[in-house]
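Quick setup: one chain, the form predicted alone, written in structure tokens, and binding and motion questions come after.
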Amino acid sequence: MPHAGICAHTLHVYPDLERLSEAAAERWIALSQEAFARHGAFHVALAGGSTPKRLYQLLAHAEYRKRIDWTRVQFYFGDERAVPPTHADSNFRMAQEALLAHLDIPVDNIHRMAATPEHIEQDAADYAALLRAHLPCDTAGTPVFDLMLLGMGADGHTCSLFPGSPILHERVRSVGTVYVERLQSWRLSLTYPVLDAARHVLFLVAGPDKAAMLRQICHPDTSAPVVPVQGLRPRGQLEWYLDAPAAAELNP
């Protein structure tokens, strides 16, 4: 069953992607300070896609960059395509070019999610082991991120949790494998238990193509199919950062 309150969490609506990204950058800074005070590090899972790219670019600018102790930020990834890190479709490449390459940080602070079609199951196991080694865990042994950045596709997917994928039923492994039939490609993705365990989840959603799906999940029709975003059951704080076009079909 979908989590009935997924849209009962805080919704912030901004005029455009630029304002959304500026607000998200300020939230990033505040959450990093909280995490530094709590345990001396800030563990962040980065999202791929077009919407978070502007956030990363802003954080790389001097006015934001100087406000964060980047040497204490640990970077991870929510999902990745099974392509080389230099490939145009790589989430790592996007984050590297928009943010990571502009930071003076140890290379060990960046935990790339390596994925290859030939060894995809081992890649998933390896990244799960990396998370257990570097992150604090809850009582169930699930890695706990300080910040989980998420996007949402027009079909209601997040990370690489696509409608109809077997990974939607994964409740044990923290990292799963996904074969996207329509794209004929393999991916790795964090699973629901890890998304749900994060201290803070920020959904960054922009563009008019997301409006119908946001209406569907915020005003659910029992006859409509459940989409992956509705499967989240966050135990931490979840916030939506929307631009006006994405929020256009939500009731005031």
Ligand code: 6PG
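Counting begins at 1, following the sequence as shown. Computed from a prediction, not measured in an experiment: that's the story for all the values here.
What follows is about the form predicted together with the ligand, which we do not show.
Stretch 49-57 is the contacting one of 190-198, 49-57, 213-221, 24-32, since its residues have non-hydrogen atoms within 4.5 Å of the ligand in the predicted bound form.
For D146, no non-hydrogen atom is located within 4.5 Å of the ligand in the predicted bound form, even though that partner is not displayed. Using a 4.5 Å cutoff between non-hydrogen atoms, S174 does not count as a contact of the ligand in the predicted bound form. Taking non-hydrogen atoms only, C159 approaches the ligand to within 4.5 angstroms in the predicted bound form.
Although the partner is absent here, M152 lies within 4.5 Å of the ligand in the predicted bound form, judged by heavy atoms. Residues of 74-104 placing a heavy atom within 4.5 Å of the ligand in the predicted bound form, in sequence order: D79, R81, N91.
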